[in-house]
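Listed next as structure tokens is one chain, alone, in the form predicted alone.
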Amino acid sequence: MTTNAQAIEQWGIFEISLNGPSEGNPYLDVELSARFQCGDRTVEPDGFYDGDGIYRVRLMPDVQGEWRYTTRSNRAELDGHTGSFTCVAPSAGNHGPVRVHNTFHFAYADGTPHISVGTTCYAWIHQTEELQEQTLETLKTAPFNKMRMCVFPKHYPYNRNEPPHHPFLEGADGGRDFSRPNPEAFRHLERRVLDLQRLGIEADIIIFHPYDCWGYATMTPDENRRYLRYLLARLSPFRNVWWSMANEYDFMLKTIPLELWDELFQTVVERDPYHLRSIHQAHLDYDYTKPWVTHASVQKWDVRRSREWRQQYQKPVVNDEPEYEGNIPHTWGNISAQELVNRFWITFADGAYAGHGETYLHPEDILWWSKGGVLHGESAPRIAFLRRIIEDAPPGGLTPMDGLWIWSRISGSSNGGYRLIYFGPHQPKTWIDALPDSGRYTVDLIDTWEMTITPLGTFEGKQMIDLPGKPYMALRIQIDG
């Protein structure tokens, strides 16, 4: 059968839908893929079974022009289907997937800079429909353009509820049958990824995690392999996806040893030609220099080390958990809003990126970090203010300044004639270091907590600048010419 479809925008989704066998276990028994070609570009994604005798193959066309395809299968009714479609220019707001840019930074496929300002909401898609909608409503006015979220439900303090949809169907023994993915659950995941896409938010999909009471964390190596291929077949064509192989992968080394993590990473590289890839640690750092890792996703409270990690990995550094604003008993979840904002500024002013999380006690255990809902803290508007500052900087990203002893105490980066210096808890009343030796330049004083920008004037040559002697101040310097 030959099919000719409507035009599909670049970085949109083209889908082949076919009727096929439903007897037995289609997830194990049926093989399906397709070969797509546009000029010299060839992509061969896996297909997947979507229940009720329906099979699908999806593609995110990344090249404009005519694409042709042929399906391949071990079942005659799914094999040899051909067709074509035209990939046209992307619509407004569609910038494509995010990629590494300029070694340490990010940009969308069309070159638009991406300033990664993330948040963590692990199990938000496993809550009630009402709570999920409330989370999306909160995100409409929040500063975040990346959301860390789990495929599997989570069993952990403040999160003990059963999910509305399990990712695998129930087996004859009452447990999960890891040979039968649940199409309803994955359709729900896809719907929420698209909801985030409409809000301009990247879905940082956490593939595995250890906080579990259903058996997802102890699947066999073959079950993990099959699940990963199925997930990639369904979600790789969504342009706003990032892949996080795990949250705190080192808590799972008994069931997924390091060599299997490496293998699973390489499967993502082979089956998904589009998206960013990383892994998140608890105590044992993964080797982020490995070629299948695109960026470092770290969990570190000591954000002063951002320069060190940049130098070590030679990749973008995203500190997804510099600890959370909140008041729970755990030390990682009870820093003040002012301290979280301080850590954000240190990280960004040293040329890296940071992620937000909020963990305020709630009578119904609705903590943003796990379930979503609404934000209760004071950091989010100040993170929004920081994001605007960074987005107003020249494109290409900030590079840490060096050569002065002060960079072991305070943070500072530059881009051409632009310089951003952050003093953190220090309270200088005058300042002269890192100012230009000659020429004209303007200086703005930034109060990172009060969210104000005060022009200090235009200066000629290096000279002492008066400052208010308050903590959490920054200077923005723009050299003329």
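Remember, predicted model here, so these are calculated numbers, not experimental data. All residue numbers are counted from 1 along the displayed sequence.
Beyond the structure shown, there is the form predicted in complex with another copy of the chain, which is absent from this document and is the topic of what follows.
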> At 4.5 angstroms, heavy atoms only, are 326, 429 and 464 all close to another copy of the chain in the predicted bound form?
Replying inline: yes
>> Within 4.5 Å, heavy atoms only: does residue 360 come near another copy of the chain in the predicted bound form?
In response: yes
> Hey, in the predicted bound form, is residue 299 touching another copy of the chain, heavy atoms inside 4.5 Å?
Replying inline: yes
>> Considering non-hydrogen atoms and a 4.5 Å limit, does another copy of the chain approach residue 332 in the predicted bound form?
In response: yes
> Would residue 410 count as touching another copy of the chain in the predicted bound form under a 4.5 Å heavy atom rule?
Replying inline: yes
> Can you say which of 310 to 318, 172 to 180, 216 to 224, 336 to 344 gets within 4.5 Å of another copy of the chain in the predicted bound form, counting heavy atoms only?
Replying inline: 336 to 344
> Between the options 72, 290, 187, 304, which residue brings a heavy atom to within 4.5 Å of another copy of the chain in the predicted bound form?
Replying inline: 304
> Which residue among 191, 198, 283, 140 has a heavy atom within 4.5 angstroms of another copy of the chain in the predicted bound form?
Replying inline: 283
